[in-house]
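In structure tokens, one chain follows: the form predicted alone.
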């Protein structure tokens, strides 16, 4: 039958005292008093039934049995230190970000090279999640979520509020005589007509009775996918202007009306567990995201707060 190990505090005290050949120095390393180290060694000797050290004036020496045991214990602790050091270095150099598809495709993919140039020692792995999936809250170092609340006790920071307005490609725009009023959009195919943002936007635009229920039902569930359909000329999509900034600037998309609405309870959030709040890689990525948003002229939203 396997022999039960002595208490770990006693083994740690013995390992340190064996290396230093000093109870005092062992205590300094372990944050213990000399008397506490001596007590732990005495417990271990009582457990084993033989002396580990010969106590002499102002010094200690390992006994024959103590020297044999020390060689194996010191080697075992060295292996443990190496294992923890290796895994700590590996963890410190790998950042896993679970991200909403829209943020990953329309924001991170275009900018991540800048973060990596600034922090070449950190390898970033982006794990996008789709409309029917949940963020990898349990596996990721950082989560960027949309409309999915982080777990209680996590630190969360609001990044981008959910503004929305219709957009379409210039190619599709040329298929109609003109679009001068919101009702003119109804002459064109609508991407994801069951999206509640459509009803909200038309209501604010003065058309509260617009009914899109008869249109073919499609639900992409991701602005990145909806924007691609709009760019391809497949219909008018209702999108967040900030995430379509490049497509608007390059003329791939056109925003026919200045009217932009806001979903008050919907935003993109960056969050992480409290165990990561002092992590260098998490702090660097979080601060980089904030700096990028500010460079774009985005307002600074709610400060980091723990989710109740």
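Residue numbers count along the first chain shown, from 1. Everything numeric in this text was worked out from a predicted model, so none of it was measured.
Here the subject shifts to the form predicted together with the DNA, a form of this protein not shown in this document.
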* Asked: Any chance all of 96, 98 and 128 sit within 4.5 Å of the DNA in the model of the complex, going by non-hydrogen atoms?
  -> no
* Quick one: find which of 66-74, 249-257, 235-243, 40-48 has residues within 4.5 Å of the DNA in the model of the complex by heavy atom distance. => 40-48
* **Close approach of residue 19 to the DNA in the model of the complex, 4.5 Å, heavy atom** => no
* Asked: So in the model of the complex, does any heavy atom of residue 23 sit within 4.5 Å of the DNA?
  -> yes
* To do: Indicate whether the DNA has at least one heavy atom within 4.5 Å of a heavy atom of residue 52 in the model of the complex.
  => no
* Asked: Looking at the partner-bound form in the model of the complex, is residue 282 within 4.5 Å of the DNA by any heavy atom?
  -> no
* **Partner contacts in the model of the complex for 23-41 (non-hydrogen atom within 4.5 angstroms of the DNA)** => 23, 24, 31, 32, 33, 34, 35, 36, 38, 39, 40
